[in-house]
Each structure stands twice: as C-alpha cells, then as structure tokens.
Ligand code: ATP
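Just the one chain here, the form predicted on its own, laid out as structure tokens.
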C-alpha cells in the first residue's frame, strides 16, 4: 500500500512548475523521510532532471546557492527559499568530498545517498513513492542501513558515520550489523574531515530531543574518541551522569548541553584546566567566538550554588563571580541537575535565594559602582593600572555591603585607602 504524503502548497508549486515545463521533479530528503514517520517537516528539498540554467529560466526569482553543484534556490511568493538540485551521480570520492556529474534519472540520484531512509522520493502530483532501496520498510521496522555496500558508502564521505549515529539515535533505530561493522571500522577516517563539518554534526546531534541514544552510539562506536577525546576517556559512571544531565538541558541549547557533558564527565578536573581544555577543543572545531566564550566562562566560574543558609554577601559574590551575563545559563544548568536527580537536597532553595538576590538588582560589576574612572580623574588621580585595582577593591566592599554604593561613601573609601592626593579638587 502506497503511503499518502501531503506536501506543503509551496512545495507542490515548485514541482508543478517544473513538471509543466517538461522537467521530471521529485521531493526528496528529510521532508519525505519525516512524512513517512508521521512527523511534520519544513525541510522539503527537490531533485529534478532540469539543469541549473533551466531552473533559473523557469522561475522568476532564484538564488544561485550552489549552482556549481547543481543547486538553485527558488523563492516562492512569500520569499521562502526552496533548494532545487539537478539529479547527480558520483564519479569520484575521497572520503571528504565527491566529484559529481549531472544525471538524467532519479534512480542515479538516490543511489548516491547515504542511508536507505534518505533515499526515498515522493512525487506529489502522481502520488507516487519511489523507493528502490527499501527505505520505507526500514523506517517501519526501525533499521538503519546504508545504500549499497556499507564500507564503500562510508569511504565516500566519513561524515556519514556521524550522520548515521545521529539518525539511529534520533529515530530510535537499530543499525544493521553490516552497516555497524563498517561504521566502526571507518571511524579513523573522521580525522580527515574538516573541523566545521564535525562541529555542525555535533551540534545537530545535541539538538535532537533526546541525545542519549546518539551519545551512547558515539561512545560505543569509538567516534567519541575521535570527535571529543576528553569525553571518550571519561569513566562509565561519570559518562552516564553527564549524558543524563545533558538530556535535561533544553533542546535549543547545544552549547549548554556541551557544557553539561564536560562539566559532569570531567568533574574531577580542576575548573581552570577544564576550561582551557574545552577552549582548545572548541577552537579546534571552529565554534564561534561567542559560543566558545560562553562555554569557557561557565566552566571557569563556580558551578555550585551557595548554601541556603549562607550570608547574603556570599550569594552576591557568587553571582558576581558567575557574571550577570551568564548567570541565567548557570541557573538553567542547575535546573537541569535538579530534573536529573543530581542536585543537592536543598538545591531548589539555593536556586530560589540566588534568583531573589539577583532580582533585587545588587551591584555585581565595576560598571555598577556609583563612581568610575572618570570620577577618579576628576578627584585628582592619574589614570593607570591602579584604577582597575582600586575599582575592584571598591566593588569588593560593595558586594559585602551594597549600601556603600553611593558616591560619597565610595569617595570616602578611596580616601581611606590613601587613593586621593592631599588636596583633591572639589567635586559636585
């Protein structure tokens, strides 16, 4: 029985327009796969016999997103871009990139794809499923197989190793024995992939609703030893706790899930050493500076909340150490530890007190002080490194007692510390 797949109106329009111009066109990729699984998808791609110049001629608004590889972006009436790619077949591969040529048959295009579940095409006009490799049956039975000979598929592009682990984890599939054996045997090839491709796959895997199965497969296959060696060396219990914690972090936060993994799996490592190691790892995978700084800051600053009975000044110092710009991230990780059953018994109370303290708006940074560098200059001090030390000392006093954060009180503190000349100029 042929399954019924409903494609969005815009996707149907792309197919109808090309077919009306005489070019055979199919929907392919994740949209078809997800639809067969009964899941909604916005990821609809198209494979067509039309060459790139044909596609540009047929549609009024196009973008040459990858025209050298046969891909043209088609803009619909709402300005949404749809990728239309000419049928292709591989003529040469090296494990990282493939040299392709255009083809005239959908069969050739599907034969070059990685797994059977991704080698299925749907024709929305004829209501026809084209499934030459049994991908629909594999989806139903929960089996992940490569298209053709597994070792050949992985040797063509070693990123397929990580994609396979992600698909199996995401969809709860069992990896076919021959595919698994070839995958494990090919993991050394991951070292030849570009850092950017590995990073993108790592982020996608951590972006799945539950990364636990995928992470387990990363470790079992040996891929983790190549992608994140420090995590691969973690003991079994530490690794289990790390994965349990990462699962409880929001799906939309792959960076925070990464922090959770390193923080829990490597809890015995000094935080400064851990932060340096993760910084090197993230820089090596070409994470953005913002993502790297975010993760490293969290790993370098205190993770454990002050006890519920702690003095208010201790809570303020903890907030200042974590930093106002990162404290919400730390709160999210604490909440995840509570859900994972890994938090201290009074952690909910600690978190409530910290949130209430932060909501009170205490001065936590030098920039929150009632005076700054310009004020010190007007008071007669000469600019220099001493300014920073003096302002940090004032902040320390204010963290102890926020009521001191007034201009007069801070000037008096500067005077007490001998920071003013004998006859300071008048100040307003």
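Predicted model only: the values in this text are computed from it and were never measured. Positions refer to the first chain, counted from 1.
Not on display, but discussed next: the form predicted together with the named molecule.
Residues placing heavy atoms within 4.5 Å of the named molecule in the predicted bound form fall in a single listed stretch, namely 158-166, out of 184-192, 305-313, 158-166, 216-224. Within this chain, residue 70 is remote from the site of the named molecule in the predicted bound form, having no heavy atom within 4.5 Å. Residue contact check for residue 396: none of its heavy atoms lie within 4.5 Å of the named molecule in the predicted bound form.
Using a 4.5 Å cutoff between non-hydrogen atoms, residue 114 counts as a contact of the named molecule in the predicted bound form. Shown alone here, residue 29 lies within 4.5 Å of the named molecule in the predicted bound form, counting heavy atoms only.
With the partner removed from view, the residue among 212, 342, 301, 118 that has a non-hydrogen atom within 4.5 Å of the named molecule in the predicted bound form turns out to be 118.
Proximity to the named molecule in the predicted bound form, taken as a non-hydrogen atom within 4.5 angstroms, holds for one residue of 45, 54, 368, 375, which is 45. Each of 33, 170 and 204 is positioned with at least one heavy atom within 4.5 Å of the named molecule in the predicted bound form.
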